[in-house]
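Next up: just one chain, as structure tokens, the form predicted alone.
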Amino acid sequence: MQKEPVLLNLKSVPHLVGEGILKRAVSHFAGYSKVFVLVDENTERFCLPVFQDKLPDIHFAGLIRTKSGESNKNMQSLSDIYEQLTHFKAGRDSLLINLGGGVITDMGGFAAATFKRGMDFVNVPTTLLGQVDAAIGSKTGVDFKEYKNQVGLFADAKAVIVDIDFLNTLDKRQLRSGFAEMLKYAFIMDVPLWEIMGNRPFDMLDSDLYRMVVRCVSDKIFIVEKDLRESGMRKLLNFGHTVGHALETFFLKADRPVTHGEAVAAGMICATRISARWPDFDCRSPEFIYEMIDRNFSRLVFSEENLPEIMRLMQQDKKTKAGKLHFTLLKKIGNAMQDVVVPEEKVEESLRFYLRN
């Protein structure tokens, strides 16, 4: 199948998707007094050479370095970025290129949007998760203490450049992490995407990966266009994330970090279990969802003794209101409902189901 580059627009923000599309994006880095690039140790080693090979004429006024991983998406790292921008005399007429995954685009976008009350930034996501989800939709921020994404704001990138070639720099675990977010789109809204996947494991989807990425980018843009600030429809994208974020934090605190996708995969099993037992819903074939997730993700290992701590972490989630847990649930594959208040006992039952089945 021919892989034509695609231009998608979210408001006034161009999203360019394609193999080698970075070479066509040079205009988005022009016209600034200084250009900086934010990298971690992994993207500096593996992705920065790809960027410089494709755009050798882009001169960086400085590399802004941060450490990789969710454990470093915090206020101290943000302060370090500000310090480096100050050292290089960055100004409001400068540009920050966020070259990396979701941690880089979340934190780099927040840093750029707040440094000197705002400098432009361009997201160049290099992970599958970043390309289909994290880099799109204007959310920026950092974690605070043990809680995910507690400090942040909505800020538009000047462009989002999704160059599929960067996926060649990833190991299988990181690729599979992004696949969890792709499954989410299939479950909540995109039956044709589910049909493309065809109940196949991710390792057998190489030939269809490009068109699946394009569909996912289009799906997220469609939702964000209708609900930028997550007051309604955008909450559909939280499927699997209420439990998933709590599990991600739990394992990070236990010094056994899991990827975002691995945690969300577990969360989607729990949300599907709740959906299958919800009155008036038609989610009557949850086993297809369980099997597809289990085909691609190993079950996370924790015990019933850990449930009180996981539930406590869930209470700090931004989707919790007045102490009540809000979930996105499935009516059936391709049809979801956001903002469903779920009693704690049903959430705990879904976690026990996850452990025992």
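All figures in this text were calculated on a predicted structure; none of them were measured in a lab. The first residue of the sequence shown is number 1, and the count goes up from there.
One more form of this protein exists, namely the form predicted together with a small molecule; it is left out here, but the text below deals with it.
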Contact with the small molecule in the predicted complex, heavy atom within 4.5 Å, among 239, 121, 166, 110 goes to 166
Hey, of 147 to 155, 112 to 120, 268 to 276, 84 to 92, which bit sits against the small molecule in the predicted complex at 4.5 Å between non-hydrogen atoms? 147 to 155
Checking a candidate spot here: are 235, 289 and 335 all in contact with the small molecule in the predicted complex (at least one heavy atom each within 4.5 Å)? no
Can residue 49 be called a contact residue for the small molecule in the predicted complex at 4.5 Å between heavy atoms? no
Any of the heavy atoms of residue 70 lying within 4.5 Å of the small molecule in the predicted complex? yes
Indicate whether residue 249 is a 4.5 Å heavy atom neighbour of the small molecule in the predicted complex. no
In the predicted complex, does residue 130 have a heavy atom within 4.5 Å of the small molecule? yes
